[in-house]
Every structure is written in C-alpha cells, then in structure tokens.
Ligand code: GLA
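Next comes just one chain, in structure tokens: the form predicted alone.
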Amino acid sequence: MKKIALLLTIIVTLSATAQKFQNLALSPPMGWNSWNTFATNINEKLVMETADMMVSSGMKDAGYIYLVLDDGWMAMERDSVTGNLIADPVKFPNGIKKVVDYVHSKGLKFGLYNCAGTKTCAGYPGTRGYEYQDARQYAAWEIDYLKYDWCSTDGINAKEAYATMSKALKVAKRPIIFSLCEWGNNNPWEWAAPVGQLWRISGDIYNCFDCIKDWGTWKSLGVTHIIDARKNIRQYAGPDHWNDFDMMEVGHGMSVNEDRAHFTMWCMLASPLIAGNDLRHMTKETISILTDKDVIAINQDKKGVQAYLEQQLDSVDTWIKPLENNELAICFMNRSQKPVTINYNFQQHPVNDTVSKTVVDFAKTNFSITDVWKK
C-alpha cells in the first residue's frame, strides 16, 4: 500500500510572452511591510532598526528577507528639474540609497511602494506617465521588490497599466519582484502571471479575525473575510505566480490563538508571508509563531499548491494542502470563540485534488500524523 505522511495542525492568462523576470519567487515571498502598523509614519531610523530586528529575532533565518517601505516614503512633489521621485528629506535625510545599502548589508533585500495612478493612496506622486523613468530610478537605487498600488486610476485599464510597469522594470534590467496591489477588482489572477510574481486578491486586511472595518468610502476585511473572498481561485497559484492574501496582522492586536490561526491559514493558502507588525516590540509568542520553521515549510513547499476547502461542518473548516514527498497538510480551523472536539474519519474523506493531481484513498493507505504546532 502507498504510504504518506499527514502534517496536522489544529486550528485567463495573457497570450503575450511573459515579460516579467523569471524565477524570482518560486516559493511565496517572505518579508516585512511598514503599512499595517506605521502607515506613512516611516523614516530612516525605523528602517534600520527593523532590519536589525529581522536579523536578531531570527526572522531572517526563518526566511523573511524582503524589507518593504510602503506609502509615504517620498516627497510630495517630484524633482522639479529631472522629474525623478525623491525621498522625503525629513524622513530620509540621507536619501533612499542610504537605507537600501544598510538593508543589503544585513543580508536582506529592499522593497519600495508606488501606485499605477497619478497619486498614491496617501496622496504622494504616482507613477502614471513615469513608468520607465521610475523603473530606472529603482534600478539605480538597487531595490529588489516593488509593491504597485491602484489608487487615483480613474479611466486607466488595469491590464495595460500593470503590463507597462512590468515592461519598464524589465527594460531597467534589474531583477525586481513585482507585486500587483490591484485589490482583485479586475481578476488579476486571470491575466497577471506573465506580468508579476504576486497579486492581491482583495481589499486591505484589518487586524481582527472576523470583522469588517467600514471607513465610509471603503472597507477593510478581517482574516476570515479575506479567506472566504477568494477560496475558489487556487488553480491560478503556483511557483512564481501567487495569490496574495495581503500582509499579515500577526502580533498586531489579535489574540495568540487568532494569530496562530491567521498564520496557519496564510501558510496553507500559499500566500506571501509579509509581516506587518512592529518587529521592535514583539512578544515571545509572536516571534514563535512567525518563525516556526515547520509551519513555514508548509507555505514554502516546492509543490506550490494552494489549499482547498474540503469540508465545512458547524464552526470548523477543514483545509487540505497537497505537499511534495507524499505529504498533506490538513488544517482544522475553528471559527467559533469556544473550543470544539473534532471527530474526523479519514476513511470517509478521500483526497481527489484535480489541481495538483493528488489522489489518496485513506482506506487503502498507511499514514502517520504529526501535529506541526505541538511537534
């Protein structure tokens, strides 16, 4: 009989030739982004201290290598002579290259934010009409990752806008991961694989497990709402082209159990693992969650398969993620606030995943079970 191991944890494509740099993200990118905690309140000191903490906390060793500055890093106007983007002189008195070099000196990679529109979401200069000029600037600064947002884009075609920036990065000749932050409005999973390495599948995340934050003109989503929004697009995810479920909120206001469930599901869903908390003030529990190498291994599995929802029973969702080496990761996610007892008869739940071509009949298979969190 076939023998497999189970890892158990409780809790339209463009027809054009691919234009992005290839093989930059064969597994989901891992790193840190400034927005969730700091919004536009960023500066040189924060970057350097965060880079230091990525190393000293063990996050770098666990795989987190991209330090990404989100909106608010630039001055309110471009250079009046050259038209180039310039760093805010108060926040970054020594310029962007200074912090890029510091981050690189720590063995990490550096990322920046901009927007496909005329303005960023916070009102800073966008890239519309400056795509090739900005790409050359990023290459000159030696950045490694570009998050590209979707504000101030009235009348702009999403496919064309993102394709243009992707081509500009390629022309600039520096391999840069291209992260499409288009919020899923134009189904980027159907066309973005030749354009970038990852694409957002929803609006912004909020630091709650099961809520919706209404800002008046738009809404942020709690963890479960983002999971539910796009659980049926897993066929579009894989090595070098990932469904991005947004930056994580681990260590940013939820309970330890909620953080653990949140992190587990991002690993199951093969989402990029981009932390969004203040790394300088992490509890031991937060560090242990974010750096658990066995759980991270599920996310980084070379097979590159996004989990599917196998069953919903009462408050418990059962998710299955086929892995390499004849392994499966199975997650029982309890949505309620109360502990529950789970009775799961494997023989009644054969695996027949048409996306990964994984077939397992537990009635005819020897298998062992490991609780990944409890080891």
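Keep in mind it's a predicted model, so treat the numbers as computed, not measured. One-based numbering along the sequence shown.
This protein has a second form, the form predicted together with the ligand, left out of what is shown; the following refers to that one.
Under a 4.5 angstroms non-hydrogen atom cutoff, the ligand in the model of the complex lacks H262 among its neighbouring residues. The ligand in the model of the complex comes within 4.5 Å of no heavy atom belonging to Y145. Among heavy atoms of Y64, none comes within 4.5 Å of the ligand in the model of the complex.
Contact check for F245: no non-hydrogen atom falls within 4.5 Å of the ligand in the model of the complex. Although the partner is absent from the chain shown here, none of C208, H252 and D278 has a heavy atom within 4.5 Å of the ligand in the model of the complex. Comment: the ligand is not present in this chain, but in the model of the complex one of Y102, Y236, W183, Y130 has a heavy atom within 4.5 Å of it, namely W183. Residue-level contacts in the model of the complex: of A229, A297, I212, A122, one residue has a heavy atom within 4.5 Å of the ligand, and it is A122. Here the chain stands alone, but in the model of the complex its contact with the ligand, taken as any heavy atom within 4.5 Å, falls in 67-75 among 283-291, 67-75, 153-161, 133-141.
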